[in-house]
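Next comes just one chain, in structure tokens: the form predicted alone.
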Amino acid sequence: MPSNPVLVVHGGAWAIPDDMVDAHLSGVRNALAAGWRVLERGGSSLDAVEEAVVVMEDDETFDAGRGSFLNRDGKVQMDALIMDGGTLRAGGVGCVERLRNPVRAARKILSESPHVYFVAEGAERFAAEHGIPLCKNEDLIIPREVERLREYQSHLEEHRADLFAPTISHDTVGAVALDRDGNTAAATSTGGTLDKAPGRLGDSSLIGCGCYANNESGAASTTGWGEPIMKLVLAKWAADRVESGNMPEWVAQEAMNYLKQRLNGHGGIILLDATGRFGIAHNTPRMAWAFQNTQAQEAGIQRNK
């Protein structure tokens, strides 16, 4: 029996300032439109989440693709993962520096490699061999982030305790989808955290941490402080609870409570099951999100209640 398609996207969970709300809303709406065009014409959930994430990687508002945070050496280093809930195939890249759209490379790995994960130069070589052009790292750097890193490093002692605070941007992007064939998919992409040590890998590109999809449980994408999310394998934790029969809306909130109570972590999650039920939750002041199904479309900068 055909399913009614659903798409949910997020553009980060943190204390999004008032003057950045419109840019975040516009960004998640554009991503939603791109992914929904795929689902509307009967395309796959995998294609839908890829297209949605590409739009946000190309949008300098978000910490993904061009406009990403700079690491300690002043470079952009990005991570991404995409996963197919029907087959459990996945593709991930870590610490890539010369790809405009890391999720495109992740998709190529999923589709055309027996492996799941490539990092750094190996990931870039795989991408180039499979028709994805490489760029210069400087092409991904924008003046806003050069200034942000300069300001941060000039007040390092003041900032050190606040590196992962909700006031520091966590604009990781992600999407989850259900297509007409009843298959789910998830994708997450990030530039990581500001002033991170070169080579640091966050949760976003790790299966079950920042991204997960399984038709028998759920599809999830997270955003926020990566280290606690990794330690809890939070996307898989949430999906397992959906498989046990719990509503995704309830599980998403429970995941945020668990993150806070167990490790004092913060972030957000979008969660979707194979029947089309979904949940959006965060424990930060704000989260950028959008969803669409055959009945409704909505986008918002959700405030914490």
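Counting begins at 1, following the sequence as shown. Everything quoted here is computed from the prediction, not taken from an experiment.
Heads up, the form predicted in complex with a small molecule isn't pictured, but that's what we're talking about next.
> Based on heavy atom distances of at most 4.5 Å to the small molecule in the model of the complex, which listed stretch, 82 to 90, 224 to 232, 96 to 104, 121 to 129, is the contact stretch?
Replying inline: Only one stretch qualifies here: 224 to 232.
> Does the small molecule come within 4.5 Å of any heavy atom of residue 71 in the model of the complex?
Replying inline: Because no heavy atom of residue 71 falls inside 4.5 Å of the small molecule in the model of the complex, the answer is no.
>> At 4.5 Å between heavy atoms, is residue 63 in contact with the small molecule in the model of the complex?
In response: Yes, residue 63 lies within 4.5 Å of the small molecule in the model of the complex.
>> Is residue 179 near the small molecule? Define near as a heavy atom within 4.5 Å, in the model of the complex.
In response: Residue 179: no contact with the small molecule in the model of the complex.
>> in the model of the complex, does residue 75 come within 4.5 Å of the small molecule, counting heavy atoms only?
In response: Residue-level check for residue 75: no, no contact with the small molecule.
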